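Just one chain is shown here, as structure tokens, and it is the form predicted on its own.
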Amino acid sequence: MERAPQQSSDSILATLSVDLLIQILDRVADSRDRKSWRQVCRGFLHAEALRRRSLRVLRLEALQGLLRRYAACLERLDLSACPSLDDHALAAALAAGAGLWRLRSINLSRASGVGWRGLAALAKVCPHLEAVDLSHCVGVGDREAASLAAAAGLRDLWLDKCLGLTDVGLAKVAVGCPALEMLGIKWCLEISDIGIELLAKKCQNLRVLDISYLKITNRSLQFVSSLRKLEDLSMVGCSHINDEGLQFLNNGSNSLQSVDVSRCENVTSSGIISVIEGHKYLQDLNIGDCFPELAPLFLSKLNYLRDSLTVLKLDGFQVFAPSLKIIGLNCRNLVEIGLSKCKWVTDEGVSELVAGCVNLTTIDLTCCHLLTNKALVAIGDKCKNLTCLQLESCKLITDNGLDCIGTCCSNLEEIDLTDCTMTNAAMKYLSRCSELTVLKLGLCDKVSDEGLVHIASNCKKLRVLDLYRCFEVTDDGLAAIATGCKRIKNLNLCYCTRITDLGLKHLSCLEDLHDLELRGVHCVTSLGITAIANGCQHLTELDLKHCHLVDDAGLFALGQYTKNLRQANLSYCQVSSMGLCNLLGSLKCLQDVKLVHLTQVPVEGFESALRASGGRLKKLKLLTGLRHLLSPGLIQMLQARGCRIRWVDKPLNLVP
């Protein structure tokens, strides 16, 4: 049995075997506790290195050291948040563990600096590689695909929005990786029927395929229909596909369980019926925003899926009460229904639906403007296992409707009440839902501190809280949330104009806080931002737009403490060249920054700050006027390193 490296002859830690330390580590669930655990001594660090299977790297300078330590055991590596990652850095880091790699999965999404050389090195030194995510790497094209084709054991590959990929690159992947089971090529606009044909011939093991927004025609579906193991097919927004193409899927030669044809404008109910008739085990069907009305024949055909269908999304349709009654009768095993922006959905229709679909756990009624409290009473009475309820802009619903939900749906985890006429009484009813993790109250301007006190009293698991334009919320409400909901991760306080630095001081105890939106909170100063920076050091996203009292002192605090900050909006803040340069130079993880109307920063200040960022930025928002004032060399350098610059022409508006 291997012994932990000895620290001192009289230390009890030196007597513990690595096996025993690993067993102890397995019982430490919290990531922060595990971090503290491995900092105790070298023996603990050694045991943790042997046990670690996944790693997410946030800083480029730490990459080589981390991979050298964990190469022998690491199976999953996430580099999607690692700024300035390029071919050289990736190849050098992989070389640090050469000969030891057991890596099976790597996430390189949005790593725009990675090209064919880095991917070739990856395929060479990681012989067990099975999954690669290159989604949103807009520069990835055929040469990069050819490099990946050397990873013959690849099973999962995501190339969404790799704009340089054509049929040639897809052919390289299809020939080199015949074992592919999952493939995403969404938004790869240069791929045509030719590429899909070869893919279908060479990769017969495909189970999941996403071809959304491609310019393919019905011929592609003819080839796809030959994939006998295909279970999940997404073709959102494929405008050249129509009913004739869907009829190819009627042959029943594959085992389709999920089909998404939403936003396919040339598809009608006839084509959907073809899919249903050919696949009696279909579980998930999304036909949102295809055709305006549900044909009676389509509704009757749903009976074919009586035992299998669990998810049905009908967003954007005209749905009348008789249609929902038929769905309730024919789809009794539904667990999720999507009726977002459906016209003519009424209380009667919802009542008929839930009378038959009592197993529903997710109901989306966004913008169903005719609904009243009667619909919520019916849902609460029938759907006892409800976990997610979307009610945005259902303005006829009042507090009393939430009384039934709070009483009957004790397992509720997520509710969206954005732009509903809710008051503190509704919060009292919802506080009965102790499992609540997501609460969205944007534009509920009658919810005040009293309501937040109710939520904080019992909703200890709350992770996401949206208080956008809740004007009655003050520092006292934030004090209650900070005390009762310590696991808050995302908090939206935009335009909550009564919040001051004291409120931010209360929030500074939220160690899990990752995303904080303070847009238009004009009473907040650098003192409050300093408190947040010092206490919430895991912060990754911060919106300070129109926080006119935030100056350099706030930026210096952010630069010193929030080392994981990746996204910041500083537009309209009263910061100078010095503060901006310090922030962009200090934050090694910062990748997305908005710098519109920084009136105290001259052109030279922008120039210095952007150079100080070291080419780490992936997204940048600037005024159009700077386009011809900044040096062409700087702009070329940023773009060459994968930074997408958005030039905007906005008037100076100091009042949001």
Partner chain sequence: MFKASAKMDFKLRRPLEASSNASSSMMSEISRNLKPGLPFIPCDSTNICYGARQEQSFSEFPPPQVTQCHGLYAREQKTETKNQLEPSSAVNDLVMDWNPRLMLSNLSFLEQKIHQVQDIVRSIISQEGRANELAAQQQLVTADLTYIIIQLISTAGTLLPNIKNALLSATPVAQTGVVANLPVNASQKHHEVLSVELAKASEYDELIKDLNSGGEGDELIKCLNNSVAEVSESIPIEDHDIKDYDDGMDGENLPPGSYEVLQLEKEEILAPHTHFCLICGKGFKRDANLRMHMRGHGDEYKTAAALAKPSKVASSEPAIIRRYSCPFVGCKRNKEHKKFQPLKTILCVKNHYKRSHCDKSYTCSRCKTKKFSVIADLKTHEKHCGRDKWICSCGTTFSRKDKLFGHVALFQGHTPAIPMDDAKVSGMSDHVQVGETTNGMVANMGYNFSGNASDDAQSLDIKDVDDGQGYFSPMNFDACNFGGLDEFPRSAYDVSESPFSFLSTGTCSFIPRNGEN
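Residue numbers count along the first chain shown, from 1. Everything numeric in this text was worked out from a predicted model, so none of it was measured.
Although not depicted, the form predicted in complex with its partner chain is the subject of the following passage.
Contact with its partner chain in the predicted complex, judged by any heavy atom within 4.5 Å, is made by just one of M182, C494, A531, A120: A120.
This chain lacks the partner; the member of A553, A92, L502, L329 within 4.5 angstroms of its partner chain in the predicted complex by a non-hydrogen atom is A92. Every member of the trio K124, A150 and D167 reaches its partner chain in the predicted complex with some non-hydrogen atom inside 4.5 Å. Comment: 193 to 201 is the region of 274 to 282, 193 to 201, 515 to 523, 221 to 229 lying near its partner chain in the predicted complex, near meaning a non-hydrogen atom within 4.5 Å. Contact between A378 and its partner chain in the predicted complex is not found at the 4.5 Å heavy atom cutoff.
Residue contact with its partner chain in the predicted complex: H546 places no heavy atom within 4.5 Å of it.
Residue contact check for A171: one or more of its heavy atoms lie within 4.5 Å of its partner chain in the predicted complex.
Using a 4.5 angstroms limit between non-hydrogen atoms, V175 touches its partner chain in the predicted complex.
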